[in-house]
Each structure stands twice: as structure tokens, then as C-alpha cells.
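The form predicted alone is given below as one chain in C-alpha cells.
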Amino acid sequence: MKSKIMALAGLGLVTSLGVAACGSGSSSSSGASGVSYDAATTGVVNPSTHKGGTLNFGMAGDVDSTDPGNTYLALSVDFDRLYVRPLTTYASKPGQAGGTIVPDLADGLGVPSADMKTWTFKIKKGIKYEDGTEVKAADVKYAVSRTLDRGVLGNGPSYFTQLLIDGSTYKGPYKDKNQADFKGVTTPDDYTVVFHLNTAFPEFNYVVAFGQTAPVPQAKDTGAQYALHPMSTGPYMWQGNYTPGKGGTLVRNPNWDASTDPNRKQLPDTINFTAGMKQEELDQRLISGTMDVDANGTGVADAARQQILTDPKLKANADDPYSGFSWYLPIDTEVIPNVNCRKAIIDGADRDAMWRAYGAQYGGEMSTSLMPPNISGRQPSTLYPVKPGDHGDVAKAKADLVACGKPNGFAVNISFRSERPKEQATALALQQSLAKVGIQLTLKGMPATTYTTSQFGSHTFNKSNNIGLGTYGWAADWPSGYGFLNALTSSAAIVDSGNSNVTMLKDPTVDAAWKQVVTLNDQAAREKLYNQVDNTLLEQAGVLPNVYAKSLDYRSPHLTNVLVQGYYGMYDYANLGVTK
């Protein structure tokens, strides 16, 4: 999901990326207040119960959606907890404890049947929407049903489509308004929600943590327009409508009851969200104190990074956590069908320049697999070893081209999000290195708001535009190998819009592993299969690994209750306060 999940940060040109040499790598810097560098990754910075003030979020680009049923970006899932409550959520704690799943709208975790195909949740009584009406189980069922219409809500994950007994046949309430026709979720009474699965699924408590289970009253649903003002069950509600590309304002929800919600606070009076900013402007406003949080949660750009790392006072207000993201480049196996042609891309890549495009040591570690180190049981791969200073193996890449029948190379397009200088720098670095082996890459910049849905997230678009690869990032939908890899590698996860299996991998051994893993009670056995899936993707040259991401984030001194939530890998947005 933590698709989580593509995010944003800016950077300058590849040739100017010697950031690792700037400032000290020490974590001992501290400011006048005693607050220290990287402190929010292990504890709470500036704990406070102070109420009042205005909290200001900014971001370059925009969220994928403010409709909780139609979002997949990690930043969106973290942010929408301010105004909606799914059945479960993640503990508001740093480190590994933040990966713990806890009840939210539900009064406990789901109870499975013996075969783990039926899951029952009881929702808390007395939870109200912003208009004072009570949340009922039917609203949760309706919320799930609407996400099955991928033509209207195509951004979110497709687990319900895959797992529910009629998830692939019921087409949603916009085509069939009769909820009785939807059998995948039933509601025996006003406070009981029962999910009926077509297979055993031991990790289902994680699935319902997505905003897709945040209740939606059917009478208030306006389809695609619901995102302008989703009904709040959280501590805040939208004041008027959200304006895509610009932002909106959240104010206190008078019908939120703190006694039912141990996962959130309601400290600021107002929360402003400004979309469409320039990254460099946002960074300077963070440093000057006129902006509090970069909602993308993936770090400042190059100029601000150097400024922060060379100023002890600024560095004391910075954190450099592992974000949980793996930044990589999916290679479409249907646009580039020959595995040796794909290997030529990987072997010829200037991995050092690509690493520096993400900030070198402050941006993360060079990666050798898809799963990042924070996934339980993950094993590093030895297929594509890499280290700083690796600029590509021209001879090996040319041999790959001979093996694929294209000794003189080939031409293909590479996509990236136009608003994201790091991605453009990565694509440029790859273009320059592959030119040495005869592979001609043409760069295609695209808008971030539609990149993962109707452009790079659409195989039809890629095939018709000869886009063979592109920049991409992913964080675990939940903290296990299944939560990270399934959406990226299962043929069942391939969809027309919002497709995350951009490699178009349809490997029978991989699909068999996904069917087997849900029957295994032995965690070690499941983890072995997860590593086999990761390794198969590498053997098929379906991805060019890049970086296990770290994010140099700047926390405004005005912020209180600051912690890097262990699952999201970014600040815990639902509990921030301000002193001003």
C-alpha cells in the first residue's frame, strides 16, 4: 500500500548529486531544545496535549483521491485517517510496533471461521457521521460494494475483487442498486459485518485496514464526485469541498467521540491542505516555518537536503527513516518480450547514478530485490549484486543484446512523473548509460495524478505508446511478503486501470505460490515462498531494482506529537498538533 504506493520528492540534475559528501552522517546533531536528528523514528518528539492552532500540509502534485474507497497512495491512506475510520488500522507507534494491526471502527479484530473463508466483525455502537447520523453495518457493506466498480473507483487495491465470493461478478451499486444482490458481504444486524471469501486468507485483518471499509451512507454517495466531500467519521471533516489540484480545509468534526477512538487525537482547530506546490517552494516554506508538513512524506529535494545536513540546528529537526518504499523500474514483459533484451537494460544500467538520483546514502540503500529489508523474512538476492560506484557492465549488456537477437540495440520509451525531479533524474541517468550499449531510451514525462491509473498503470497505454519501462515505487500493502508482492506479481491482480503488476507477469509458478501460501500456517514456510516469488521476478528480468528508500524529512519546530509511524514510514498524520 503502503501501495502502498508511490510518493514524491524532488531533486536536481544527476551530475550535481554528491549529497552524501555534504554534512555529517552522524545522528547526534541536536538543536537548542535538545530535540535530535532522527528522533521521531524511535520515539515521540514534542509530546503535547495542547489544543488549537492551524496545521498546514503542503505537497507537490496531488493525492490520488480524497475518497477513501478510491485511494492507494501511502500518503493518502495516512492522511485520510484524519476524517474516516476503516474497520481496522495501524498502531500509532514508531518502529516495528507501528506494523501492529488494531481495531478502529470495529470493536475488535475480525473473527475467522475454521476454514478462514468467513470473517466476522462487530462495529462499535454510537459512531456517528459528521451530520450526526449513526454508522450502521450496511454502510460498511455499501462502502465495499462501490469499490467493485473499477470503472468509477479504479485507484484502490483490488483485494475485494479477488477475494469475495462474487467480487468479480457483482459490478457495484452504480450498475445494480440492490444491495441484496451483493453476497460477498452480509449484515445479520446493524452492528455485524460478515465477509464471505472464495479462499482461505489468514491475513484478512490487514485487508480491511484500507479506506475501502470506511463506511459510506448510500444516500450520500455521488460516485466519482464523492471525493469532493466524503462523509467524515474521524476527528476532522472537510469544510466545503476539496478542490483537486489545489486542496482544501479540514475542521473539527463535532460528532467525533474521542472515547471510541484511541488511535487519533483532535488537537489543531484547522488543518489546511495545499496541493500543486513546487517542491523547492514547499521545502523552503517548511524550513522558514510557514508550512508544517510535506504530505508526500518522502523527503526534501536536493537543495534543501544540503541546507539541512550542513546546518546543525536544521538537522536537529530532520529525520531520515526507511520509508518502506522500494523504488524500482518495472519492465513490461509484453512490450519487451525477450528476457535477454530486458537483461540488457538491467546489466547496462548506471546503478550508481540512479542511486544518487535518490540522494545517495540519505536517500536509501542500493537494492538487489523487490522486497525491502523491513519485510519480515525477506532475503537479499544475489542475481544482480550492486555497490556504490557500479556504472553498468557494457560488455555484459551487449552480450545480452546478441542473445536477444538485437545486437545493434533497440529503441523504447521510458515514463516518469513530470512533477518528480528524482524520477526524471533516474530516467535520464538510465538513458545516458544505456546509450553506451545501443539501447535508445526516449523520456516521457506524465502527470502524477494519472500516472498510476491511466498511463503507466494501464498496459493498453504502455503497449500503444511503446513504453517498455518506467519509474515506480511501492510500499507494502501490509507488512508481510504477501502485502508487498502480491499486487505486483500475481496475474490475478492485473486490471485495465490502476494496474500495479506493470511487468504484466503471468508466471504459473508465481500464481501457484499465491494459491499455496494462504493455506500455510507456518510463517517460515510462507516467507520461503515470498522470497521465491521475488527471485522469479528477478530471473525474468521483470524489474530493474533501484533503491530501498530512506526519506530526509523536515519536521517543523511548531509540530507536536511527531513520530514516524512504523508502517507508513512517514509522520503519523492523525495525531499531530501545533504550538503556534
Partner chain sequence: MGAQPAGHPTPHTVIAYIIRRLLGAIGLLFVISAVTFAIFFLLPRAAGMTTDQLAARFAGKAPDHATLVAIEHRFGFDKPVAEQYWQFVKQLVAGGTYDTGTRTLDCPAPCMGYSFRTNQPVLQTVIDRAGVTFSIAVGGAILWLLSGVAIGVLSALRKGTMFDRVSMGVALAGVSLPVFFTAELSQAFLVHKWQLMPDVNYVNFVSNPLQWAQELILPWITLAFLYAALYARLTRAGMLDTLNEDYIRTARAKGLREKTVIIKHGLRATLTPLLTVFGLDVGLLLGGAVLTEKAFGLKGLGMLALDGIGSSDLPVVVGVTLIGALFIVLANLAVDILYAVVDPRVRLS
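Residue numbers count along the first chain shown, from 1. Bear in mind the structure is a predicted one, so any value in this text is a computation, not a measurement.
Missing here is the form predicted in complex with its partner chain; even so, the following discussion is about that form.
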Candidate spot P380, Q532 and N535, all three in 4.5 Å heavy atom range of its partner chain in the predicted bound form?
no
For the chain seen here without its partner, which of 79 to 87, 443 to 451, 311 to 319, 505 to 513 has a heavy atom within 4.5 Å of its partner chain in the predicted bound form?
443 to 451
The one residue among F195, Y72, W355, Y328 placing a heavy atom within 4.5 Å of its partner chain in the predicted bound form is Y72
Contacting member of A214, V300, A475, A349, with respect to its partner chain in the predicted bound form [4.5 Å, heavy atom]
A475
Contact flag, G245 vs its partner chain in the predicted bound form, heavy atom cut 4.5 Å:
yes
Using heavy atoms and a 4.5 Å limit, would one call R150 a contact residue for its partner chain in the predicted bound form?
yes
Report yes if any heavy atom of A143 sits within 4.5 Å of a heavy atom of its partner chain in the predicted bound form; otherwise report no.
no
Does A275 reach its partner chain in the predicted bound form if we count a contact as any heavy atom within 4.5 Å?
yes
What residues of 146 to 173, in sequence order, lie within 4.5 Å of its partner chain in the predicted bound form by heavy atom?
R150, G151, V152, G154, N155, S158, T161, Q162
